[in-house]
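The chain below stands alone and is given as structure tokens, in the form predicted on its own.
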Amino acid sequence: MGIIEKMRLDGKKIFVTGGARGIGKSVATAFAEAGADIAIVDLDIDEATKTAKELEENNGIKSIAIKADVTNPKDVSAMIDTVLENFGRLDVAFCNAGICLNIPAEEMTFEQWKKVIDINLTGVFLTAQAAGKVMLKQGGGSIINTASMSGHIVNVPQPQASYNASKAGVIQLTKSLAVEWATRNVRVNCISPGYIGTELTLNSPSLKPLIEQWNEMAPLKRMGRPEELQSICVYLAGDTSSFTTGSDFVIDGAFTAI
């Protein structure tokens, strides 16, 4: 069997949080194209259902939509139960849900700070923890968390102390879980994308002036595309990455190299 065949995900059962659109949808599409069955987890159940239907129709796999708040332990537990009821097992978790608030630190309210940390960091912990419990019982699995290059640098000109702190936390959380579960065959890695041109980002009037500044600073002079994150996630989800755990993959077009 060649390397391409080995990288397929036929028979794998995966959930993707924040999977209805953007990076989550793009990576979920790649998983489905590689042969995996996918649970699309999102607060927007209508969009999640639409995405799940697209994946089934286009790839001949099974896909379901689940509404869940990743900051709510009861929702996360119910989500896991639904995945297991429909798929029978869980092989891969893509813990991707996140938000960003660009508010000066001196003006940010406690509620705003807590919202970002709750979704971006606590939400990743809760979903990774829940997935890890299942995988530890099964004897193995792969967890992929979405961090950000913002966990390595302070982006400018936008003020986003809460976002930067949350994503740095995701990177260290990923490494901690990887070490704890290494001998039990549960791998944990994260991706740290740079600026990615999702539909929402590109169509936001408030972000267009920032995009121009980002591109001017960027070595490649452009934003990344969601599909440019697909291959690393398929690799991490599959068996060819069996020696890869505790790693943070920065996909930023060399932005953090300057």
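Note that residue numbering follows the sequence shown and begins at 1. Every value quoted in this text rests on a predicted model; they were computed, and no experiment measured them.
There is another form of the same protein, the form predicted in complex with a small molecule; it is not shown, and what comes next is about it.
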Report the stretch among 141-149, 176-184, 102-110, 82-90 that approaches the small molecule in the model of the complex to within 4.5 Å, counting heavy atoms only. 141-149
Residue (of E212, D46, E57, E199) lying close to the small molecule in the model of the complex, criterion heavy atoms within 4.5 Å: E199
Is the small molecule close enough to V27, I38 and K53 in the model of the complex that each of the three has a heavy atom within 4.5 Å of it? no
Would you classify K12 as touching the small molecule in the model of the complex, given a 4.5 Å non-hydrogen atom cut-off? no
Close approach of D69 to the small molecule in the model of the complex, 4.5 Å, heavy atom: yes
Is V234 one of the residues lying within 4.5 Å of the small molecule in the model of the complex, judged by heavy atom distances? no
Check L126 for me: does it contact the small molecule in the model of the complex (non-hydrogen atoms, 4.5 angstroms)? no
